[in-house]
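Heads up, the chain below is alone and in the form predicted alone; it's given as structure tokens.
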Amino acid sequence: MHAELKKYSDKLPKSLLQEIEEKCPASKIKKVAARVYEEYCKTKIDAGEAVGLVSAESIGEPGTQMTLNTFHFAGVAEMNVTMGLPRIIEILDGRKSIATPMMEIFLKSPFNKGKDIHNIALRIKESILGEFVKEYVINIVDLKIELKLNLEKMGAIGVKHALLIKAIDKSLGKEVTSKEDGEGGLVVKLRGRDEKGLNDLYKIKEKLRSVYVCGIKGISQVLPVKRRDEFIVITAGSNMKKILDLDFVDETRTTSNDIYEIRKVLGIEATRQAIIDEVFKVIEAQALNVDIRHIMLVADTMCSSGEIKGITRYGVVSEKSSVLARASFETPIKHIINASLVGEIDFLNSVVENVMLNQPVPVGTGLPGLLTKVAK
């Protein structure tokens, strides 16, 4: 590090010091560092600043202008993405099951230049038996089902008859036996045919439709798209753990919009970043202007315990030390009764409880307590 920058090593963040060293000529480093330090001190928050309230109103006010829309990918009927206010609520409530889970899968070279992009997309997509069957012929006399297969589609994905038979045996092996019919199709017969009738045959036919064959479970649709100068695959459905195991996937950039899945696979710090990115993505799409620091504060609050806590009465609010602050959010009588039963004391250290009691709020000029001698 440059000698002039060492003076600021305990005063400025490392990222700023690195940027100064990279972008400034050596002759100007002293002057630039001094100016950056001056600006950095100006941008620091004063002690007693009500950062939580400022963030709440900075996100809440533009939030009222958001539309309640769902974004739709052209050309694929099933691929919708929840956007706008419903998506913000979904993230900040910390919901475990989201309306439209999706992934953005980045690829390694040469596949990100478009090589075999459609084959790769088909390899990722979860394929079920129903997709490869053109026609089901039910033989009532012999209690068997003949499957007329779409050989063209099987060839595109590289699925052989043996794989289909293996998939049927794995899923329904106790109920049926399956084999090739010699004409490019399959025959599925019921086991123990004496006790079984037509009703069972129709039930088996419906089960056959949804037998898992290949691909990544949970990925119901795939869409290769070109973004700037590379191809990526957008998916409906998410299975991060399995996707990151694929050899052609760039695991350093591939993301999911399911924050609980990110918590499970990548940990809480990645989850915090995902919350920031997802909220900012929605705000940006709505052409609203919210400083990212407000979103960062919310993400920190949600993830500070090491687990995801939603901004709800069961999450962040339930952990507040103040009885009145908890009661001000939802279900006030329950909180007050529970606090009375255990003799809980409220020390009135925060904003909400002092507002409720019409007392000076401990922020800004209300933070320091002054003792003065009164002249007689």
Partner chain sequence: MAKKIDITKHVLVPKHTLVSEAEKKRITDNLKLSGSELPRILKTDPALAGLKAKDGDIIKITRISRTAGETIFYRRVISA
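None of the values given here were measured: they were computed from a predicted structure. Residue numbers count along the first chain shown, from 1.
From this point on, the text means the form predicted in complex with the partner chain, which you will not see here.
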Report summary line: Assert contact_stretch over 204-212, 259-267, 93-101, 166-174 against the partner chain in the model of the complex, heavy atom within 4.5 Å, equals 259-267
**Report entry** Listed residue that, although the partner chain is not shown, lies within 4.5 Å of it in the model of the complex (heavy atoms), from 83, 240, 186, 219
**Finding:** 240
Requested in this report: Counting non-hydrogen atoms within 4.5 angstroms of the partner chain in the model of the complex, say which of 330, 319, 61, 49 makes the cut.
Outcome: 319
Query raised in the report: Does the 4.5 Å heavy atom contact test between residue 231 and the partner chain in the model of the complex come out positive?
Result: no
Report task. Check whether residue 226 has any heavy atom within 4.5 Å of a heavy atom of the partner chain in the model of the complex, and answer yes or no. Result -> no
Query raised in the report: residue 293: heavy atom within 4.5 Å of the partner chain in the model of the complex?
Result: yes
Query raised in the report: Wondering, does residue 249 line up within 4.5 Å of the partner chain in the model of the complex on heavy atoms?
Result: yes
Query raised in the report: Looking at the partner chain in the model of the complex, which residues in 273-306 have at least one heavy atom within 4.5 Å of it?
Result: 273, 274, 277, 280, 292, 293, 296, 300, 303, 304, 305, 306
